[in-house]
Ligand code: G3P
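Before any questions on binding or motion, here is one chain by itself as structure tokens, the form predicted alone.
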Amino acid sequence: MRLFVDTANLAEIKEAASLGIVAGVTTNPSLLAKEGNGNIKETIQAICKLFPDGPVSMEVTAETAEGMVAEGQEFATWGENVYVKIPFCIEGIKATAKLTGLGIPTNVTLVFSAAQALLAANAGASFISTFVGRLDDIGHDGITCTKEIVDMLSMYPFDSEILAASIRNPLHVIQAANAGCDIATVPLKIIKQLYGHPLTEKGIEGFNTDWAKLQKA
């Protein structure tokens, strides 16, 4: 399972790129607004430079299929690795099918059910973003839903990849991998948490202590 970083913060994205284990970036209007950078085009282009070989998702905000397609075509000029992120809805699925026909990769987001995933796959979505944490928040099992989507789509020759989003903790990452997701998009803070284990830290400390003793011998 590939890992993307979910942020629009350029410092975090630069740090994620330096790790050597992150393959792409997802953004959304909320993440972009959080950074307070009004020049969205410059921000996305800067992200594309930091991840020239990985997908960078930029979300449309239009409410009609025609508007989404127009925005998507514009975003596609910002970088060869831009994926047009489209919220799931009737107009969004229309736009996904149109952009797919134009050869522009898409990321259908805000998917919360197998039925929605099936429609996104039929529209040719490159990525289907299933929201794990937000389902958990309302008392549903986000990972079970994601696993259902993975199992269902694996029976058919769809090209869509399943992207686990709304990741809230390291356990979600492991559960998404065990569910068979192709990708998980994860905040940098949680990516860093994946590194930690007290036994690893204790082992390193012990090796360093013993090495220091050898140097004094």
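Because the structure is predicted, anything quoted here is derived from the model rather than measured. One rule holds for the numbers: they count along the sequence shown, beginning at 1.
Omitted here: the form predicted together with the ligand. The next part is about that form.
Trainee: Among the candidate stretches 62-70, 162-170, 47-55, 146-154, which one is within 4.5 Å of the ligand in the model of the complex when only heavy atoms are counted?
Mentor: Result of the contact check: 162-170.
Trainee: Would you classify residue 31 as touching the ligand in the model of the complex, given a 4.5 Å non-hydrogen atom cut-off?
Mentor: Looking in the model of the complex, residue contacts with the ligand include residue 31, since a heavy atom lies within 4.5 Å.
Trainee: How about residue 134: is it within 4.5 Å of the ligand in the model of the complex, going by heavy atoms?
Mentor: Residue 134: contacts the ligand in the model of the complex.
Trainee: Contact check in the model of the complex: 6, 85 and 185 versus the ligand, with a cutoff of 4.5 Å between any heavy atoms. Do all three pass?
Mentor: Result yes, every residue of the spot touches the ligand.
Trainee: Output the sequence-ordered list of residues from 39-66 with at least one heavy atom within 4.5 Å of the ligand in the model of the complex.
Mentor: Contacts from 39-66: none.
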